[in-house]
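A single chain, nothing else alongside it, follows as structure tokens in the form predicted alone.
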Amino acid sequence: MQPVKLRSHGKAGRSTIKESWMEEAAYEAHRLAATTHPPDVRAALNKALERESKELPRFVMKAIVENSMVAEEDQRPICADVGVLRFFVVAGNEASMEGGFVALERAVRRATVRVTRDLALRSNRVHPVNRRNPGNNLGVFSPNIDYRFEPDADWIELIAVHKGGAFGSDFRMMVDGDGLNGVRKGLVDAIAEFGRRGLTCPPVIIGVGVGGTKDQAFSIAKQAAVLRPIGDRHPEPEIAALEDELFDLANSFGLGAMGYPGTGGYALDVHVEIAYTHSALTPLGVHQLCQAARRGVVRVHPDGSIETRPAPSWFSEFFRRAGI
């Protein structure tokens, strides 16, 4: 699937991205995330259905695939639980925005209120102590926005992710002696803890973060799960080989859709991200993204054109850079 240009607002050569364009792009990213599976996810779900030979998980997989098509056709949420709405933003280093990043965050918040109303999304964001619900998915640090920057680019890419947060994640600190066996064991333990009980809504996309700091390992694990397309492989051959190995391992236990015994596969893919870490310790994060793998990617250009894209630009060569 190629990028799709939605519309153009201005003349070629316009250098400043307007706040209203960013709001329109954020709204469209939300809409896509809520209602439309990315093409790589839909293709993987169909393949999982083809592989499934047992009656009960095949029935479930068929319902998942049909639900995906109906949600897009009717413009209704893929899942009644919209999870928590959040954004990842890739900002071109040469991009100029009307009002700067403050305006961008205003635009994202307005778009969140509008899409919650227009698509009748459940408002999941509540005060953590008194449980007050504002009814529009806004609140303290909500929607949360993470940023990356891309050199020699003059566009802004808005990536909406609607992600449930109840189960499926794990963290542990490994020592040098654990090595790759520690990574393997961490993945198996996470699947045993959540997947075999159907608490991750499989088939899932698994992100594994190895190294960095404690919070970094967990963050890159989640990013690997939600921001890399199915079938993508890490540019380092050693890490790509580990991804293939862990993918086979995750699918070796005979678990299928929603944790039922089956042949369709527990994982749609496994993505591994690494970060240079402490010389004596290695943090490990494991994150499992359910079959309602929801992301919407929209890029805004300085000439006013807005385009949807099949996959995010989050994991760029610059993002993974080593050295100065």
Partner chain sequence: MRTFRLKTPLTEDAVRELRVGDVVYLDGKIHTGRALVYQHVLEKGNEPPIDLAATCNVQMHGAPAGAEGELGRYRISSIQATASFRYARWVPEYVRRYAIRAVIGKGGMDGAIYRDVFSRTGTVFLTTVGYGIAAIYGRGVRNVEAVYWKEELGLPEAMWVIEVGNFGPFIVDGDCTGASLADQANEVINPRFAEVYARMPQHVLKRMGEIAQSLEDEVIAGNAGCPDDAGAAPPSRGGRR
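Nothing here was measured: the structure is a model prediction, and the numbers come from that model. Positions refer to the first chain, counted from 1.
Missing here is the form predicted together with its partner chain; even so, the following discussion is about that form.
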Given that its partner chain is not shown alongside this chain, does Ser219 nevertheless sit within 4.5 Å of it in the predicted bound form, heavy atom to heavy atom? no
Contact with its partner chain in the predicted bound form for Ile156, defined as at least one heavy atom pair within 4.5 Å: yes or no? no
Classify Met258 as contacting or not contacting its partner chain in the predicted bound form by the rule of any non-hydrogen atom within 4.5 angstroms, answering yes or no. yes
Given that its partner chain is not shown alongside this chain, does Val70 nevertheless sit within 4.5 Å of it in the predicted bound form, heavy atom to heavy atom? yes
Considering Arg233, His127, Arg184, Arg106, which brings a non-hydrogen atom within 4.5 Å of its partner chain in the predicted bound form? Arg184
Tell me, out of Ala95, Leu249, Ile145, Leu242, which residue has a non-hydrogen atom within 4.5 angstroms of its partner chain in the predicted bound form. Leu249
Thinking of its partner chain in the predicted bound form, which stretch from 146-154, 225-233, 174-182, 87-95 has heavy atoms inside 4.5 Å of it? 174-182
Under the 4.5 Å heavy atom criterion, name the residues of 178-198 that approach its partner chain in the predicted bound form, in sequence order. Asp178, Asn181, Gly182, Arg184, Lys185, Gly186, Val188, Asp189, Ile191, Ala192, Glu193, Phe194, Arg196, Arg197, Gly198
